[in-house]
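Quick heads-up: it's one chain on its own, the form predicted alone, in structure tokens.
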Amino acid sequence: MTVLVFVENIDDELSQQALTFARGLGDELHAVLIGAPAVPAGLAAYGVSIAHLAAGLDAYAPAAWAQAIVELVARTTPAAVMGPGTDRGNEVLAHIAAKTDQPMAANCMSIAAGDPASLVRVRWGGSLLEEARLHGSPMLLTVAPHAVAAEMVAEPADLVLEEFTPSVSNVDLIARVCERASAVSAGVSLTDADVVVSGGRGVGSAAGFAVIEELAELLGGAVGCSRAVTSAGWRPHTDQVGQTGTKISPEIYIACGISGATQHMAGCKGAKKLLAINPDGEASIFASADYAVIGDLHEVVPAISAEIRKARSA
């Protein structure tokens, strides 16, 4: 069985996870890359035997990228087409579903081949696991972030490269990226940080984030926040952790004054460890926490920072 995977970025963990997930379903793994400046050698390490390179679509245009994959599917007839469960992966696969009039399952945790295939997928920001049957040929799905661990193959095969130029219409290019504005940021980013220190409504104000920033700096980490904080204008949206913000996977996530709404937890469930600090002992975030401190963050967080400085100066 041939499986085609839309690889957004082979250096990104979620694309690596999608390839690992796909290996469990098919015995021949193909990848399609669109807008990639070069072919990463890492594709073979994750089991890809053939990489299809779509030419002429450097700028992101979801309908056009989907059309490129639809044309590739017609030539290669894979049993399944997958993508990472990212914003872009879900959008491109949804366009493919619309163009081919096939059902599409987003954010899958597991799948068993059959007619129809049986799968489990994440719903409602991670609060519900749904058992479903996926019909259609080819099967269309995206892989939930951190559903599987990214694993390389023991013996990579020689990678075959095949370039093709898709035929896209002007209609497919109506919605496309025309310009990029880089966010002004300092230090490590949320997606790359091994430590993320976040503040929620309990921080109280924009100025209250000084203690959050201090702890993050001491730990060499990034500062995050909840949606309530960005809605209040205390921090930019780029700092938001959650279903509608950034999905993170640090070694440790320190959540300060965050209640633990489903949407927020969907963004931080990839964290290896969770330390929650909240004065409300009944806060829902404690149900997911590995470590819990029931107390005022304005007292607890400076105390942690002080202990770190003391340990380093000893």
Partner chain sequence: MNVLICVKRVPLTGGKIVLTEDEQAISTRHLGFTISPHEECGVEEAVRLIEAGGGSSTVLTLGPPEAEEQLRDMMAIGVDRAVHLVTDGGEWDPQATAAAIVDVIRSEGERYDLILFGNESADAGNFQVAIRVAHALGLPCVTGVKGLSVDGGSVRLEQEVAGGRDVYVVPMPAVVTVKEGLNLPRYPSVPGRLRAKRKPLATSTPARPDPRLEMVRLVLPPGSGKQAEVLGHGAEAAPAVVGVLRELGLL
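Numbering follows the first chain given and starts at 1. In this text the structure is predicted, and so the values were computed from the model without any measurement. For clarity, a rigid core is taken as the largest C-alpha set superposing within 1.5 Å between two forms.
What comes next is about the form predicted in complex with the partner chain, which does not appear here.
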Q. Which of 72, 159, 106, 168 has a heavy atom within 4.5 Å of the partner chain in the predicted complex?
A. 106
Q) Which residue among 79, 148, 134, 188 has a heavy atom within 4.5 angstroms of the partner chain in the predicted complex? A) 134
(Q) Is residue 91 part of the interface with the partner chain in the predicted complex - any heavy atom within 4.5 Å? (A) yes
(Q) I'd like to check something about residue 179: if you look in the predicted complex, is any of its heavy atoms closer than or equal to 4.5 Å to a heavy atom of the partner chain? (A) yes
**Q.** Exercise: residue 24 in contact with the partner chain in the predicted complex, heavy atom 4.5 Å
**A.** no
Q) Might residue 110 be said to contact the partner chain in the predicted complex, defining contact as any heavy atom within 4.5 Å? A) no
Q | 13, 53 and 163 each touching the partner chain in the predicted complex (heavy atom, 4.5 Å) | A | no
Q. Does anything in 281-313 come within 4.5 Å of the partner chain in the predicted complex by heavy atoms, and if so which residues, in order?
A. 284, 286, 287, 288, 289, 290, 291, 292, 293, 294, 295, 299, 300, 303, 304, 307, 308, 311, 312
Q) So, does residue 194 move by 2 Å or more at the CA between this form and the one not shown, with the core held fixed? A) yes
Q | Core-superposed C-alpha of residue 60 shifting 2 Å or more between this form and the one not shown | A | no
Q) Would the C-alpha of residue 77 be classed as shifted by 2 Å or more between this form and the one not shown after rigid-core alignment? A) no
